[in-house]
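Each of the two blocks below gives one form of the same protein chain as structure tokens; they are labelled structure 1 and structure 2.
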Structure 1
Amino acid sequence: MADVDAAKSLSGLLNGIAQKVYYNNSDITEELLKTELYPELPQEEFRALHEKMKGLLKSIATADMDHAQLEAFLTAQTKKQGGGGVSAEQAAALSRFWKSQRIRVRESLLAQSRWEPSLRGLSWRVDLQTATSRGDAAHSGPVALMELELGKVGQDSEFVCLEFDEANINQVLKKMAEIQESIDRIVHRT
């Protein structure tokens, strides 16, 4: 019974740390975690536990450890003498946590190191121009209207509206085919 509870609390702690450090959840604080998960534990001990788990998580995330690296890392940690090591239960909790959260944490780290605006959304429609006040037929034909939603991390979106005729679209498609070619060449090598 006590073991299950201990494991639950530890999982809760790791999830809480991830929420705060990686998932931008500002509602989660150290005090909240203590109150919810370790109410009985003395303040100093909780702080030490919290710092240790945070440090270990950071090491694992920074290195983006795969299964083998994680096992080696945790084994080394359990063998550490004195207060610096981890118990077998803690190692197990860390292992379970990383297996389920690795991808999500990694995406968060990627987003954190992206400082240019990113494409948040795209909407488009195609119109058929039937008449203009100038009466010239030169611009008749289908017109694509596009709205790009761009934004930097933590900032509001900016909307860019563009119109394209068929020739424009084909020019863009040509460039995109070049990009895809580059991607195919380079990404498959890694």
Structure 2
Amino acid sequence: MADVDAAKSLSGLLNGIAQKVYYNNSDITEELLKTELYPELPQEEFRALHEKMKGLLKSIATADMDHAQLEAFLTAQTKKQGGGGVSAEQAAALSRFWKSQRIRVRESLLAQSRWEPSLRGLSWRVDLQTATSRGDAAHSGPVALMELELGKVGQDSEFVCLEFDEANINQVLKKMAEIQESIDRIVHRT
């Protein structure tokens, strides 16, 4: 019966950590988890267990481990010498938790990593103006019109309209090429 209680407490701890870290539930605190799940455990032992489980969950979630990766990771953790490893029961609890919560944790991490407001849509067209329609032959070149739809999750969109002549488009394209080069340098460095 003690093993069942220990497994339930560990499962509750993992769910509590996920609620706080990944689902932004501010009602969950380390003190609440200790009081509800491990009332007899000394504070320092609980803190060590909490930090270890939090670190393991972070590693698993950051790597978005599939079943095979998770099993290899947990096997390596159970074979660690000293206090840094996990017991077979803890590995089993982590495995059960990750199998049931992987998709939800991944969606939460993706949502937390999005920039807001984000680009929801883009439409554009090129207008050719004739000299007779404006009465000015100097401004008769093509004009690009672009409409950006921006918005935050759960809110209505905002629209930004831009008008570019050929020189402006060339400047934008040059800046985009510079951004791409910077991204490529960073990606190739890591």
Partner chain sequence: HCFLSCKVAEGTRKLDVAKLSTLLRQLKADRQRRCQQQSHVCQHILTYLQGQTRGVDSAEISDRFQSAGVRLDHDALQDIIRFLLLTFRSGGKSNISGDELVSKLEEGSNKWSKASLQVLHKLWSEHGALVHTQQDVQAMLSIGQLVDMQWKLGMAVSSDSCRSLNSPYVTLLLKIVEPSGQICQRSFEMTVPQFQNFHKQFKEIAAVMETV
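When a residue number appears, read it as a position in the sequence of structure 1, where counting begins at 1. If you superpose the two forms and keep the largest set of C-alpha atoms that fall within 1.5 Å, you have the rigid core. For clarity, every value in this text was computed on a predicted model and none was experimentally measured.
- Of the two forms shown, the form predicted together with the partner chain is structure 1.
- When each C-alpha is placed with whichever rigid part superposes it better, Thr62 ends up apart from Glu149 in the two-part motion between structures 1 and 2.
- The interdomain rotation between structures 1 and 2, with the chain split into two rigid parts and fitted on C-alpha atoms, amounts to 66°.
- Core fit done between structures 1 and 2; CA of Met176 shifted by 23.2 Å.
- With the core fitted, the CA of Val153 sits 6.4 Å away from its counterpart between structures 1 and 2.
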